[in-house]
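Coming up is one lone chain in structure tokens, specifically the form predicted alone.
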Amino acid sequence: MRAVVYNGPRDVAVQDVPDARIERPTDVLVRITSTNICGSDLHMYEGRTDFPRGGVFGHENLGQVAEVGDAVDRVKAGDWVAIPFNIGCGFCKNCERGLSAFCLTTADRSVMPNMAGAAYGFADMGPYRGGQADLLRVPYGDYNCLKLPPDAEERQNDYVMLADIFPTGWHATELAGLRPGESIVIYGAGPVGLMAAHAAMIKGACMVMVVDRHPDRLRLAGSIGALPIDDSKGSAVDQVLELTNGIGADRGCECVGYQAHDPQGHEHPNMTMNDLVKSVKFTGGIGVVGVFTPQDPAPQDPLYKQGEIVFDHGLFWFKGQTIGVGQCNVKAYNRPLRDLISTGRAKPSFIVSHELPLGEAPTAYRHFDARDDGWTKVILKPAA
């Protein structure tokens, strides 16, 4: 089968690899029809993680079930399914608590003895190949496959967002503690930040502010009723405080991660975190879903080589704020979010800029990584 293979920093190619296949009775084999390029793929693409050469990218996947193992009971061949990027077992202590991002069964303990969590095509999260390919093996398929409504084939661009970014954006607002009628500031108008803004609008936030500097992304934020804040035209903190009468936002979301840059292009892994402390009110809540890693093999900030940042803990403590962090437990959200899409209440495909055949993945990665104007979200179509 064809797959998007990582050959080194900024070097991916569509190559033939051994077919994915049923390996255990609980497996499901899915023929992938839509698979997204994610912002977190770019950390690996740029060589800022220890993703192995020869590995296959792709953790935002949707397709049609081609085959099921003998122990699979609920999922049938022909079903259209969205596949959470977390690979959970469904029965360990964490999965039973709804914490599927931290599964104890599927984790690769060779990375570290107490490792929790696994994902498709993701650095340090197990030996599982990604779904930017013709086929994907889904372990514990009954648990990990979300069955989709009859309109799934026609509305793939919406439903594929259930694999990661729509639940992750929603998770950011949950970690922040957002309630109806509250204000929220979101740092980062990439796909996850835009999904957090979409979630906040659906949840009834009274004001949704989105900080970025890319005009195409800010236009998308404005298109759903959020207030775009361009930090290249002045301090984002000052603009948030002005919009909130000097008080600060009730809640804040970090949707950028450790490769945050200032408007001049200099990387500051602590920038958005400290800006959030300053722009969220006393006793406010902050949700962090932007990727931060334990190590960075190519750090621009020496301290971040070991995953450490200079954090304004004194002001954070003094303001009595709270922070929730971590990868999204997709299974905790994907069913209700699926129904929001099905009924037309949510339309996450508003961020999609390009639909391309799988063979054009290298070009798509170059444009998306460069943040070229208009490249806001790419969906690869293996069947095209």
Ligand code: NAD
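Position 1 is the first residue in the sequence shown; the rest follow in order. All of these numbers come straight from a predicted model, not from anything done at the bench.
Only in words, not in the display: the form predicted together with this ligand, which the text now covers.
In the model of the complex, Lys203 stays away from this ligand, with no heavy atom inside 4.5 Å. By the criterion of a heavy atom within 4.5 Å, Arg371 is counted among the residues contacting this ligand in the model of the complex. Among heavy atoms of Trp170, none comes within 4.5 Å of this ligand in the model of the complex. Under a 4.5 angstroms non-hydrogen atom cutoff, this ligand in the model of the complex lacks Val185 among its neighbouring residues.
The putative spot formed by His43, Gly257 and Gly326 is fully lined by this ligand in the model of the complex; each residue has a non-hydrogen atom within 4.5 angstroms of it. A single residue from the set Met125, Met271, Ala221, Leu146 has any heavy atom within 4.5 angstroms of this ligand in the model of the complex; that residue is Met271.
Gly190 is the sole member of Gly285, Pro228, Gly117, Gly190 with a non-hydrogen atom lying within 4.5 angstroms of this ligand in the model of the complex.
Partner contact region in the model of the complex: 191-199, out of 71-79, 191-199, 152-160, 91-99, criterion any non-hydrogen atom within 4.5 Å of this ligand. Using a 4.5 Å cut-off on any heavy atom, the residues of 204-227 that reach this ligand in the model of the complex are, in sequence order, Val211, Asp212, His214, Arg217.
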